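Given next are two forms of a protein chain, the same chain in both, each as C-alpha cells and marked structure 1 or structure 2.
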Structure 1
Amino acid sequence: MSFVKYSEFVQEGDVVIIFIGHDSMMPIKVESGAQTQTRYGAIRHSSDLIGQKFGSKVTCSKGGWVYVLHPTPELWTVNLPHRTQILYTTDIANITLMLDLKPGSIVCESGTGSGSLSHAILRTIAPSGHLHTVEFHAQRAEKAAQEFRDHKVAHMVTVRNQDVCKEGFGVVGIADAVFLDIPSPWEAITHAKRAFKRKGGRLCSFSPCIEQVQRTCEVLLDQGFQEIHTLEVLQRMHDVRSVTLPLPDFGSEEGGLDSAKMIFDPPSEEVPSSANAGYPAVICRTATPPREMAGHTGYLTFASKPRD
C-alpha cells in the first residue's frame, strides 16, 4: 500500500480506511493479531483484513459490515488526526492546478501541519518528484515524518524542523513551486525566491485574513514577482429532493394539461389536488440551495517568479 501507488491486497503494516457509513470512517494501521472496535463489532486484522482485496466488504463480530478502502489523499483529508487547521479538497484542487504541479515537479512547502495538502502534492508529483516541507513545531514535524513512512511516501519527501522565515527551506535553486501556509508569509518570500529554479516557477500563499494578503502582495511586488492575484474558493452544495408542485388547468387548448406534464423528467406522479388549491399537482425532483453554508476558509494568493 502506498498513497501514490495502488495495491490490490491488504498487507500487514498498511494503513487502510474503514468505511462504516457516509459520515463515519476511520483510518487504521493493519497489524497481525490486532483488533479494531466499531459499532458493528470487532474487526480482526489477521483474519478480516490481511490478504483481503481493497474494497472488500468485511463482516464484524456483531454481524454488521464495513468496507475496507485503499487510502487516498481525499480520504486522508477527511480522516486524518488534526494537529492544526487543515486545507480541504476545494482549496487543494485549486492549489495543485494553479501551481502547475505534475509528475517530476520539485515543491517547497511550509508549514507541514497535519499533512493534508502534502499528501495531495505527493500524489500529483509522483513518481519522480520531491517535496521539501518545513514545519516549525518539532513534535508536528516528527509526527508528519512518521506518517510519510507509514504511508510509503518517505522517499519522495524531506521534512525539516526549522523556522522558514529565518532559515528558509534548506534548498536553493531547485523548486518548481512554493506553497506557504504560515502566519507571516511575507517574511518567507525572499527565501522562497532563492528556492526557485532559474527558469522561475509558481508561488501560492494561503492566508485567512485580508491584511496578511495585502502585506504578502506588497513584498511579492518588491521582489519582482508577476501575475499576482488572490482568489477565495467557496463550495455550495445543492440538495436534491422531491417536491410537490401544483399544475394549473390551462383549459382545453391543444396540448393542455397533458402537455404541461411532459416537462418533468423523469415522468412525474400526479397527486390529488388540495382542498384549497383546486388544481392537480405533480411530484418532481429538484435541486435546492442550502439555507446555510460554510463560508470563508482563506484567501489563495498566486504569483509567478520570472526567469533570472
Structure 2
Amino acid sequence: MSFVKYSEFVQEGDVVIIFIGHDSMMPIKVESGAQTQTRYGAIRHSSDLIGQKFGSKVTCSKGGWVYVLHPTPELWTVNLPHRTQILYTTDIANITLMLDLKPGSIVCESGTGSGSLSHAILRTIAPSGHLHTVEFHAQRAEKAAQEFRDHKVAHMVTVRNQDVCKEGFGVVGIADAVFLDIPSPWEAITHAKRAFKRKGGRLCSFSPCIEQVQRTCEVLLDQGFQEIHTLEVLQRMHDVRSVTLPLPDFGSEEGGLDSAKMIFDPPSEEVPSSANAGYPAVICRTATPPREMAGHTGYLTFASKPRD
C-alpha cells in the first residue's frame, strides 16, 4: 500500500484503516506478530491482516468482524492523531480544485500541522510533483516527516522546520501553488510571492477570522496578486431514514367517512395502523439534517500570482 498507489493485498509495514462500524474507524500499522485490540476482540496482524485483500471482512478474537480498508487521504483525515486543529475534506476538496493541483504540481505549504491537507496534496500531485512543507514546531515537523515515511510518500515531500513568516519556504521560483494556514498569513505573502515560478501560480490562505482575511487581502493586493476571491464552503450531511407521521383524527362524520382519507386522497404511502395509540400513520423515506453541523471552519482566500 501507499497513499498514492492502490494495492490489492495487505503487507507487512502497511498502514491500514480498520472499519469497526458506523463512524468508528482506527488506523493500524501492520507488523507481523503484533496484535490490536478492538471492541470485538484482538486482531492478530500475522494471521488476520497480512496477505488479506483490502476490503475484506476480518474476524476478531471475540467473533465480531471488521473491514480492513486501503488508506486514502480522506480516511486518514478522519483517523489521524491530532496535533493541531486540522482541515477537513470539504475544504481540502475546494483547495485542491481552486489551486489547480494535478500530477506534477510543485506546492508550498505552511504549517504542516497534523498533515491532513499534506496527504491530500501528495495524493493529487503524485507521481512527479513535490510538496515543500514548513512547520515551525520542531516536534510536529518531526512527527509529520515520520508519517510521510510510514505512508511511503517521503520521496515526494520535504519538511522544513522553520518560521515561514521570517524565513519563507526554503525554496524560490519553483512553486505552482502556495497554501497558508497560519495565524498571520499577511506576514508570509512576500515569501509566498518569491516561492512561485516565474510564470506565476495560485495561492490560498485559510483563516477562521474575517480580520485575518481583511489584512491578507490588503497585502495580496499590494503585492500585485490578481483575481482575489474569498469564499466559504460548508458541507451538509443528510441522514437517510424512514419517518412515521401519524395522521390526525378529525373524528367520525355523520356519513362515517374516515377523515384522514379525505385529506390524503389517495394515501401517499402505506397506511398501517401504527403501534402508537392506534393512529393510522404514513411512513415516508426522507433525509434529515443532523441536529448540529459545522457552521464555520474558515474563510478560503484564493488569488493568482501573475507572471513576473
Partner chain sequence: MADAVVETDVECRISEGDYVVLKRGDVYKSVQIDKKKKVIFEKQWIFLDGAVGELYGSTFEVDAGGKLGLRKASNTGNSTGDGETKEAGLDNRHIVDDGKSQKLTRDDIESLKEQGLKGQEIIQQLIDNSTTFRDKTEFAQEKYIKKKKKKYESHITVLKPSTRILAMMYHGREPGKVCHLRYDTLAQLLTLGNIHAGSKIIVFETCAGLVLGSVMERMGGYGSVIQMYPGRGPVRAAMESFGFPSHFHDTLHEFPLCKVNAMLSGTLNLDEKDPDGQSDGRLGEQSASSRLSSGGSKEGSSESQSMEVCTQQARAKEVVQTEKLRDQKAQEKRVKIEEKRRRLAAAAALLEGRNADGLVIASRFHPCPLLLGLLKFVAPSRPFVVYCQYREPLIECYTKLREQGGAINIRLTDTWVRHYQVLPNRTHPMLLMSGGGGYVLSGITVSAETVTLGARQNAAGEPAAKRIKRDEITSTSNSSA
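Between two forms, the rigid core is defined as the largest C-alpha subset superposing within 1.5 Å. Counting starts at 1 and follows the sequence of structure 1. Please read all numbers here as calculations on a predicted model, not as lab measurements.
> Just one of these is the form predicted in complex with its partner chain; is it 1 or 2?
Structure 2 is the matching one, since it is the form predicted in complex with its partner chain.
> Taking the rigid core as the reference frame, is the Cα of Thr288 displaced by 2 Å or more between structures 1 and 2?
Yes, the C-alpha position differs by at least 2 Å between structures 1 and 2.
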